[in-house]
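Form predicted on its own, single chain, as C-alpha cells, below.
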C-alpha cells in the first residue's frame, strides 16, 4: 500500500556515489531539492573520486539494486526517474526490468560511460545492455559528444555530424535525444568574431530544438552532465513538457556554472 502523502513530486535517481559531492547521487539529490521535488536514491556504485579525477569504484550487485529500488516504489508514487552511472550489464538489466514492470514514466537516461578525466565507467557489454534495454524505456537520453560517439559508433566533428549521431541513437530505441554540444560550434563563432555559445540539441520526433547559453570559459565543469539530467528529471516531474524541462535545466546549469564556488584542485563543482 502506498503511504506517501507528500504534495512534492518525488524523483528517484539510480546512480553512483561521488564522495566529493559534485556529481552522481549527491548532485542529483541537491538538484531535485532546488526545484522543490522530494529526492529518493538508489546507489549503483561507490566511486573513488574528487575534482581531479576518478580513481576507482566498487560496484553494487544487481541484487542490491533490485532490493533498493522496489522498496522505494512500494512506498512512494515516483513522478520521474533519472539513471546515471549503471556500471554492469546485470545492474542495467535489473533497472530496465523494474522500470518496465512498474511502468515508470518520465525516465531520463544519462548514459554515463566515461569520466571527464578519461576513466571508463562501463564496459562494452554494459553499454550494449544500456542501449538495448534502457533506451527504449527512456523519455529522453542525454549524451555528451564523447558518449554519443561511443553509442552511435561514429565520429562527431561538425554540427551536421551531431544530427547524424542523434539519428543513429534514436534508431537504437531512444524516443528523444538531447545532444550536449558544448563548444562544438565555437570555432565557427571565433572565425566570424561572434559571441561564443554553448549549444545543446534536442531531437524529438521530427523536430530539432536548439538551446543556447553564453559559453563560459571555466574549469568549473564537475557534474554538469549529471545536474542537467537531474534538472530535466525534476521539471518533468513538475509537469513541464520535454522542451520546457530542457530549457529550464539549461538555464539552471548555466547559472550554476557562472556562480561556481571554485573549490578543489581540479574541475570545480558548480553551484547547486
Ligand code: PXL
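Remember, it's a predicted structure, so these values are computed and weren't measured experimentally. Positions refer to the first chain, counted from 1.
Only in words, not in the display: the form predicted in complex with the named molecule, which the text now covers.
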Site test, 17, 54 and 85 vs the named molecule in the model of the complex, non-hydrogen atom cutoff 4.5 Å: yes
According to a 4.5 angstroms non-hydrogen atom cut-off, is residue 11 in contact with the named molecule in the model of the complex? no
Is residue 49 one of the residues lying within 4.5 Å of the named molecule in the model of the complex, judged by heavy atom distances? yes
Under a 4.5 Å heavy atom criterion, is residue 226 part of the interface with the named molecule in the model of the complex? yes
Under a 4.5 Å heavy atom criterion, is residue 129 part of the interface with the named molecule in the model of the complex? no
Candidate from 121, 156, 198, 72 lying within 4.5 Å of the named molecule in the model of the complex - any heavy atom: 121
Checked 95, 140, 112, 166 for heavy atoms within 4.5 Å of the named molecule in the model of the complex; positive is 112
Partner-facing stretch of 23-31, 58-66, 205-213, 238-246, counted where any non-hydrogen atom is within 4.5 angstroms of the named molecule in the model of the complex: 23-31
